[in-house]
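Shown here is one chain on its own, the form predicted alone, set out as structure tokens.
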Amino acid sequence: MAITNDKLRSLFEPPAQAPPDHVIRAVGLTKVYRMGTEETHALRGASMQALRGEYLSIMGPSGSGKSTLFNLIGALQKPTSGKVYIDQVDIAQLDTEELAWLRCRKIGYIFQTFNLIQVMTCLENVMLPMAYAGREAEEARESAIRKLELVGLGHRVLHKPAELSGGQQQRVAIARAMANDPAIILADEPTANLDQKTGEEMIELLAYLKQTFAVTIISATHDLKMLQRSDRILWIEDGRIVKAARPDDIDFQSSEFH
């Protein structure tokens, strides 16, 4: 029998007085996709960790394993081998119901293509994760309005995605990611489809959320501005994390970034 929401909450939420620690820890992750006799090794022993309230960026060439790593640490896929711990809990030990609780309440997702439901208003898009979490409709509505106000769209709550600019749609996506006050936000190339000015606004908004709510933000990105705003940068190549550095220790004028 699946454990209750209260027990899950207790399991995943450390005491308020606990010092910063690793909210995510991935150890020796491998992922092999098989098609008949063909094998594709997307990850080859990747290990990483992210502190509570850290802004972490992951960069690497296309096909390096970034998306697969995101899917594994976001509990969207299971590794072929290796472990993912969220708040010291081995998520491989959770059943289907417990994983659904984890994805709904502990992790927020932001995608480069926004992934908003076109027939729903901004308000309804943000309320949807709250409905899955079992929150009362009126409380969810009030909370969703506050989230949209937080991202600067309090005047657009009843608009649909087609009536918004790309930057506004991404703001709705960020509000949706924050719907259930997650501890972790996974952002996959969140500025890729935005112009430079709008992209910079998104970066500042994510930095504000990290600073204000102590949310751990993990972003896959090649955006120089986002890399510079990060606390740490990880490089992934051929399915392995090969390097980690802080922005102050990096020469962003080097050919690697241009």
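All residue numbers are counted from 1 along the displayed sequence. What you are looking at is a predicted structure, and each value in this text was computed from that prediction instead of being measured.
This protein has a second form, the form predicted together with a small molecule, left out of what is shown; the following refers to that one.
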- Message: Can you work out whether Thr40 and the small molecule are in contact in the predicted bound form, taking contact to mean some heavy atom pair no more than 4.5 Å apart?
- Response: yes
- Query: Does Glu189 make contact with the small molecule in the predicted bound form, using a 4.5 Å heavy atom cut-off?
  - Reply: yes
- Task: Give a yes or no for Thr30: in the predicted bound form, does one of its heavy atoms lie within 4.5 Å of a heavy atom belonging to the small molecule?
- Result: no
- Message: So in the predicted bound form, is the small molecule close enough to Ser67 to count as touching (4.5 Å, heavy atoms)?
- Response: yes
- Task: Report the stretch among 58-66, 203-211, 45-53, 225-233 that approaches the small molecule in the predicted bound form to within 4.5 Å, counting heavy atoms only.
- Result: 58-66
